[in-house]
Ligand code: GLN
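Only one chain is shown below, in structure tokens, and it's the form predicted alone.
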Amino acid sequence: MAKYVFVTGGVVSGLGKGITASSLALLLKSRGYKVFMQKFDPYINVDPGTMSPFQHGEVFVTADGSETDLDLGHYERFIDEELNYTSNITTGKIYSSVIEKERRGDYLGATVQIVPHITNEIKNKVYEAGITSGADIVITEIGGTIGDIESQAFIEALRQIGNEKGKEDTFFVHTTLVPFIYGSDELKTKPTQHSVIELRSLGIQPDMIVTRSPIALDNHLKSKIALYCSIPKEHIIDSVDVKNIYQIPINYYNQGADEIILEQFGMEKKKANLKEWKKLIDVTDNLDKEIEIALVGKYVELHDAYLSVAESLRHAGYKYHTKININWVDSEMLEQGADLKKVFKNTKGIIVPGGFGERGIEGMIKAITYARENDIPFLGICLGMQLAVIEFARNVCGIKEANSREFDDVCPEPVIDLMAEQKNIINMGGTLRLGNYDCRIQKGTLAYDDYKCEHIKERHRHRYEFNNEYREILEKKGLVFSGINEASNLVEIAELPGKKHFIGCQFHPEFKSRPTKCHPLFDSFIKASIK
């Protein structure tokens, strides 16, 4: 049976609960245990799929096609495990499920209430993750902060799990802020004390407190927190600000955080193998080269909207001991007549990532034209690939009105069109082409050189596709469709030979990149950009 670790946060949001959860998971996995992770989000949206990137950052897609919170990207990158539909649960999902059961008559006419029906549904999601994953330990992060109205049902469900399972099977980690007050020049523990009081008033006593602060707490401050929060002093873990995020798991390891959890669970403290992770830290701390990569998009005001893309670029940089400086280029600015030579003056590679809607599209196409004509290494992802095809059709094949039906539903030359199975869909949420799909790669192409194999699986999130009616004319002009989904005859990869590096993919390779194992397409792109 799985053991359960719950990570909550107090005082303020943005303390790094996701990184704390990921770090603990990494350490427990390094000791040979199978670990699975979950994120509970209190918002009423069923999933983040229909939310604006400006509101919530990127939507991370799992292999099974679930649209999830971006924290799951942190989880997968840290523990290098594929997560699934049980990994991201929202209030919207819980209520939708309960209401559906009520409508079906599953509750036999009972009055449906927060307790026990909603809390039971939440508990079922926790236990389901433990059963279906086959994990030794499931780590669940609760979004928001203690005291938020919208998260109270989740906290009550966790309290019940704690009572049902007992200390030997549950462990509660609470992350808090210990602010540094300038003037008096001292750290203050009162916010932590009040946060724990709030948590205990809801029936949960934390087993570990992770304190976020600019400097480590001294023995006196830890003793004070231990006294007021009824917790052993050794169970107070410093989470000091660091320049290198990959250092955090090692900081926790040095304080014995994972050993404390295993001791409570009565599990063997196997020797940790952190050799690969420590090597990563050494590499990232000693990058001896740097280059600029231009990321051209419509959501660049919020960098989290392209979080996995940015991380994937950095991962590839690590392989070549190169720091990647991202030039965040607003595509609308390019539409308004910005000087491309100035914008891309120091750029060694241009990437156009995914997105939806017509805003900023022509600016992205300008950037793609600039990359193609000036032979600057280019990588297009999802929308980026589609725009590369439109640009080639317009400017090389002479199809002047080439466009996508996404931007103009009556365009005369739809080189990008709505997928056949999408045409009768009304609801937006969860209806895209999502998750892993097969792709066969043509030998003798850049894509084959990158992957070094003929058959791959990649994660998708799109509704429109390349229109095969235009395939022959584009191929005659030199565009190579090097990756095909044979089951649906869909173009997955398009590339332009004779260039230093010019390739676009319909899928999202950024979701499979890892800091210790960069994705082949990002590897190739950064390698070409460095050259």
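Bear in mind the structure is a predicted one, so any value in this text is a computation, not a measurement. Residue positions are given as counts along the sequence shown, with the first one as 1.
What comes next is about the form predicted in complex with this ligand, which does not appear here.
By the criterion of a heavy atom within 4.5 Å, G354 is counted among the residues contacting this ligand in the model of the complex. Contact check for R461: a non-hydrogen atom falls within 4.5 Å of this ligand in the model of the complex.
Contact annotation for L158: none of its heavy atoms lies within 4.5 Å of this ligand in the model of the complex. Put simply, V178 is far from this ligand in the model of the complex: not one heavy atom of it is within 4.5 Å. Residues of just one listed stretch (380 to 388, 285 to 293, 339 to 347, 324 to 332) have heavy atoms within 4.5 Å of this ligand in the model of the complex: 380 to 388. Between the options E311, D450, E406, D136, the residue in contact with this ligand in the model of the complex by a heavy atom within 4.5 angstroms is E406. In the model of the complex, just one residue of 491 to 508 lies within 4.5 Å of this ligand by at least one heavy atom: H508.
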